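Encoded as structure tokens, the following chain is the form predicted on its own, with no partner shown.
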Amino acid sequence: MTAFAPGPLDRDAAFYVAGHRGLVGSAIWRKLESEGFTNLHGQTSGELDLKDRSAVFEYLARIKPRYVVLAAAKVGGIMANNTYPVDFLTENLQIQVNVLDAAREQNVERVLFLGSSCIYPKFASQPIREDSLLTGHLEPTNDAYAIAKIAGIMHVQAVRRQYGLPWISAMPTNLYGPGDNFSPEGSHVLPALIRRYDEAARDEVGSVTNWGTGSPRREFLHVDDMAEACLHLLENYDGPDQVNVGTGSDVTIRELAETVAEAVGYEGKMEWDTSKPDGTPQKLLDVSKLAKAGWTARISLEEGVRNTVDWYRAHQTSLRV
């Protein structure tokens, strides 16, 4: 058993960030570097396939991390999740089981497992509290991904019970920011809107059609805020329950589209294809547990969207596709 005492992590200890090139992992890496961590470890998917169990075990045995953040995952929007549920279930389960089992074998002191707010029931009471987990049916369009992430939470809780290691889980709301996936097929709603409206503004298109009715409400957290929250939780929180990470406020998809259109300078017409699915009607997280742990978000949606549009335009030749 490893006792946890709140306080600063050892800046010189080996720290492995799984998924350090992704949206969340790269933000966590930037945050750790800015906070003076000197012994960071990360591998691209080409260097280390996290679905390869023996390779994962060999890598962690070699670097012997004291801390691990599991930010690696197969992720996507409604279309991708609904089209490839087997891929989202099996690949995420493989990644999680391999990394968490290898971390346990190395007796890693602190592990932070990152999930998603889609773990909660489709019609959970709003704002969604942590104890809403497993109290109702999931949203069908991403239930396979959600089940994989729920399994990760259970894995962390099981390690705490069986081995006494102070591992924790955090469930972020919808994330966005530098390093996001802007591909037409694999992106989430906010980067998809940024790409769509930026191209429409550039090409002077008269109207833009978005999926659904525009009425669902969503909460959005800038990934730099998420990275800051992760380090705060590692240094200040210990408990078996997952911690919601969000802003505590939401907007409609229509309001989001209007914010994006303004940020890119698009002045054309906005239309909605109501034959396309809306997904969950509302997903607003109760962040009182996070606030009690001493952290609140600081980047506004307007500021964050402008920041992300600037990054998108500066990196269009090297975007993930």
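The first residue of the shown sequence is 1; numbering continues from there. These numbers come from a predicted model, not from an experiment.
In what follows, reference is made to the form predicted in complex with a small molecule, a form of this protein that is not presented.
Between the small molecule and the residues Ala102, Ala124, Leu193, Ala229, the one pair within 4.5 Å by heavy atoms in the predicted bound form involves Leu193. Note on the partner interface in the predicted bound form: the residue among Gln106, Thr247, Asn210, Gln157 having a heavy atom within 4.5 angstroms of the small molecule is Asn210. For a residue to qualify, one of its non-hydrogen atoms must sit within 4.5 Å of the small molecule in the predicted bound form; all three of Cys118, Tyr145 and Lys283 qualify. Taking the partner from elsewhere, Val189 is found to have a heavy atom lying within 4.5 Å of the small molecule in the predicted bound form. Under a 4.5 angstroms non-hydrogen atom cutoff, the small molecule in the predicted bound form has Pro277 among its neighbouring residues. Although the partner is absent here, Ser132 sits far enough away that none of its heavy atoms falls within 4.5 Å of the small molecule in the predicted bound form. Among heavy atoms of Ser169, none comes within 4.5 Å of the small molecule in the predicted bound form. The stretch from 231-239, 157-165, 71-79, 199-207 that comes within 4.5 Å of the small molecule in the predicted bound form, counting heavy atoms only, is 71-79.
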